[in-house]
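A single chain comes next, written as structure tokens; it is the form predicted on its own.
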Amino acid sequence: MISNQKQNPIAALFRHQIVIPIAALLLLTIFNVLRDTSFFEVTLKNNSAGNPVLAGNLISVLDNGSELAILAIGMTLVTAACGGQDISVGATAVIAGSVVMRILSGGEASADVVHAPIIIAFLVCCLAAMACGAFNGMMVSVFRIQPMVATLIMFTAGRSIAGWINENKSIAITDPNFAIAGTFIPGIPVPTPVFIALICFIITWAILKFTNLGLYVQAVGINEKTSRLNGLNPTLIKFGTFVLLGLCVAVVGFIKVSRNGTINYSVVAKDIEMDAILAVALGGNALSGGKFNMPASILGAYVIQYLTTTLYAMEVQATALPAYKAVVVIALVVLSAPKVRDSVSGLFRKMSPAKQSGGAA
């Protein structure tokens, strides 16, 4: 007798990593529809420069969520390869932003025009952030320090280093050309960070599609010894993921200072590392390393920002925001855990009787 069991489609659905962030997105949408439909209003208004731009909560989610999504790309690779997380991305973003302000201001406390090409400042900030990533990568891959402990060094010292770069001066740059990366391109009503994030997504998709990077990262994360026996260099791969994360952090740091036009060393990108880690977890990726789903991490980042914007719309006090956010995020992360997804999938399989067909051999 030969029996074939047809899997319950709902059970199969719950085994996909991207289901949880999609479900969270739908739940937040339903909640906001029932609470206040004006949450979804998008209007066209003039900004301070007199250009028509889109405004509304959804635009805010796309705008601010883009920074978190870019970070989630690098954090996903580090988590998958190393089985740990980088908690220094916020501090490194401030270092990158401080480098940008130093170059463009020419060392002055205030500048009406930039003193150097903006592209040069961006490239130098990329090198600075990638150097920080290389330091973290060396501590993890060469000296084999647990990632969260290794990156605690930069987490502790990063903001002080950023302040030292500009002699602790609150640099301000009012050149409208510098503000474009963090605000709007004149004549285009969609925030510039949305386009920057889209470019990052396309580049990441192309790299994972047409190279073996994703396969190598997963192989090292699943079993480092086996990957080495198969000709891979786990040390180099782990080191490389931290450098790539540094590049993502540089982009975010550049957007941050461009958006604000100034830099506050203790406030810029504060706690963004926690949101980046939560985005990876919410995407259903195991924080212990191994297989990963990049689209799920990116979607998880926008869900985190969607939740933050919803809480602001509810006029939750800033001091209480982390507590409300933590309760919801813990529930989402627990539901996104592979063990929970497997349990739910098994429950639906039991609820659906197996269909059998038999034949004599």
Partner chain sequence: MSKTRPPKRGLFGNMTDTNLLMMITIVVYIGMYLFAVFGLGEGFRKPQTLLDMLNNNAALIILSCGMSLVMINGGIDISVGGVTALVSMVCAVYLEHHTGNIALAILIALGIGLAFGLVQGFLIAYLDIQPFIVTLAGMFFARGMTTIVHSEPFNVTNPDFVSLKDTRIIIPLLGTYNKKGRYIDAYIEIGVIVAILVVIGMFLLLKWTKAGRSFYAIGGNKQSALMLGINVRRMTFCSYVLCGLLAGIGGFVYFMHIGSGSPTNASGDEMNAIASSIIGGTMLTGGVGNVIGTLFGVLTLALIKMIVTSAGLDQPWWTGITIAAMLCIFLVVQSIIVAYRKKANMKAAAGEKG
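Residue numbers count along the first chain shown, from 1. Worth saying up front: this structure is predicted, and the values here are computed from it rather than measured.
Although it is not shown, the form predicted in complex with the partner chain is what the next lines describe.
With the partner omitted from this view, the residue of 190, 134, 161, 116 that lies near the partner chain in the predicted bound form is 161 [heavy atom within 4.5 Å]. Checking 257, 73, 129, 278 against the partner chain in the predicted bound form, a heavy atom within 4.5 Å turns up for just one residue: 278. Three-residue candidate spot 148, 327 and 339; every residue lies within 4.5 angstroms of the partner chain in the predicted bound form by at least one non-hydrogen atom. Contact check for residue 112: no non-hydrogen atom falls within 4.5 Å of the partner chain in the predicted bound form.
Although the partner is absent here, residue 156 sits close enough that one of its heavy atoms falls within 4.5 Å of the partner chain in the predicted bound form. Taking the partner from the other structure, the partner chain in the predicted bound form has a heavy atom within 4.5 Å of a heavy atom of residue 320. The closest heavy atom approach of residue 200 to the partner chain in the predicted bound form falls outside 4.5 Å. From the list 239-247, 175-183, 135-143, 96-104, the contact stretch for the partner chain in the predicted bound form under a 4.5 Å heavy atom rule is 135-143. Taking the partner chain as positioned in the predicted bound form, the residues of 164-190 that bring a heavy atom within 4.5 Å of it are, in sequence order, 164, 167, 168.
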